[in-house]
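This document opens with one chain alone, in structure tokens, the form predicted alone.
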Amino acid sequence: MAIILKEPSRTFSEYLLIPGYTSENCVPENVSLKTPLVKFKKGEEPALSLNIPMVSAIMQSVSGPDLACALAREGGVSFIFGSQSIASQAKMVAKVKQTKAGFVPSDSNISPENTLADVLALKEKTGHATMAVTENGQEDGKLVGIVTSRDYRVSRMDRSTKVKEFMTPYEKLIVGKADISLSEANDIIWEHKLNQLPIVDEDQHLVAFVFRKDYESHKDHPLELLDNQKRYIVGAGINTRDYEKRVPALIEAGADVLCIDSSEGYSCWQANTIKWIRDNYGDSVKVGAGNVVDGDGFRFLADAGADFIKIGIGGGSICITREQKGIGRGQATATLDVAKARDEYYKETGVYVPICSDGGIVHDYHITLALAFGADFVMLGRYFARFKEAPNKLVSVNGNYMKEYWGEGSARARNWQRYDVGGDAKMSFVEGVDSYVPYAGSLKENVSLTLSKVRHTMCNCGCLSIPELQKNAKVTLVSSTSIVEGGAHDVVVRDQNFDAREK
């Protein structure tokens, strides 16, 4: 007979936090959102921590290099999607690692033989007005000049004019050497009244640009997540099939942390993958695993050696695993159960294995609830897919700006390697949909607003850190009627479409 769990499977929307005592010291600017990313022993510090409890999902429509840099600037980590060739994924990881704080690799490269028309087309494609002119038009070519919007006037020049005729040649450029610090680069920029400073190596290859505006921006990101070489921290997704080839390439590219991307993690295939990594790299390579929804799944992956464990099956906005297979669990219940197992494991072994709530986040306050329920951080897909830095396409749908958003289990992603079904078996049905999400603008503005809400709520609960919230938060179940009561009700909400006339 099947084991029937009596506890209902609940979602975050079924709970509210109850305020606690707020002291004079309990103000948002005093709240620390720092949280461990990987496991650590009692009395020790984790090898990797997050400055904010947010990571981006391992998805084609979410985690590309631009979003990885933007999120690292705010203190979180992106996991570059693995549903692509090994070489392509490694290149994306390398691009992030080549981006020191304030140093921007060029993704706009052109040759001297290209034309003004090519320059305008490239500007339209990338949105960047500064272009590196290299001998071969590729990023690995020797730098021979740069082109900015100051070098040409579209209204007065023939579009067939070659780049070499209007570019600023290398001999007229002021450049910085590859080992220059950001502060030194900024001094040169201000001394010579430059908008950008090309950074070149000893063979005259472009390493990066330092822009005047980005130096100021760098100072505005006190929570930047950097390695010991001042490069952004970045993660990468792997699967349980080609890991023997993919992992070495990602490590060579500079990935700081890996995560097995799977719809269900309580399997021998994940244990085998982790074992191979430990046998070949020891504990130097950090790897998360999942997803699981109960204590048994947590214990299995913790014993297998996972550095963090993801929670959630079927809770994502584009995931239809529950509809297709009938497996999963409400995200709130799953998080509570796994957190309990994590705490028991810590008491028994002295090893703290962070847990990540992946899916089920609809409103910003759900993040705070997930943390209160024991999650150390959350993984978000739909949330990040809305931003301009995400790699998905911006489109117009019925006059509204939207971004395309599709699941890794959808036919579009064709990420069949994420299904741990063993051997050469492939899925014959999908577990994700293809959709749109409303465009929301820049990552920084949205993340700042979300975290402001989290910090204020934590203060309402009398908590100044995530461990305090996990220990002291009081949570109550709410009825369906109470949920309605919590929003605007019994009024007509004014908006721009409502035409009210005074009588």
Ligand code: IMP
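Fair warning: this is a prediction, and the values are worked out from it, not measured in the lab. From 1 onward, residues are counted along the sequence shown.
Missing here is the form predicted in complex with inosinic acid (IMP); even so, the following discussion is about that form.
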Determine whether any heavy atom of N291 comes within 4.5 Å of a heavy atom of inosinic acid (IMP) in the predicted bound form, and answer yes or no.
yes
Indicate whether A208 is a 4.5 Å heavy atom neighbour of inosinic acid (IMP) in the predicted bound form.
no
Is there a non-hydrogen atom of E431 within 4.5 angstroms of a non-hydrogen atom of inosinic acid (IMP) in the predicted bound form?
yes
Is there a heavy atom of Y405 lying 4.5 Å or less from a heavy atom of inosinic acid (IMP) in the predicted bound form?
yes
Answer range among 248-256, 357-365, 161-169, 177-185 for contact with inosinic acid (IMP), defined in the predicted bound form as heavy atoms within 4.5 Å
357-365
If you check A57, V447, L469, V454 against inosinic acid (IMP) in the predicted bound form, which one has a heavy atom within 4.5 Å?
A57
In the predicted bound form, the one of G145, G235, G330, G316 near inosinic acid (IMP) [non-hydrogen atom within 4.5 angstroms]
G316
Residue by residue through 380-407, tell me which have a non-hydrogen atom within 4.5 angstroms of inosinic acid (IMP) in the predicted bound form.
L380, G381, R382, Y405, G407
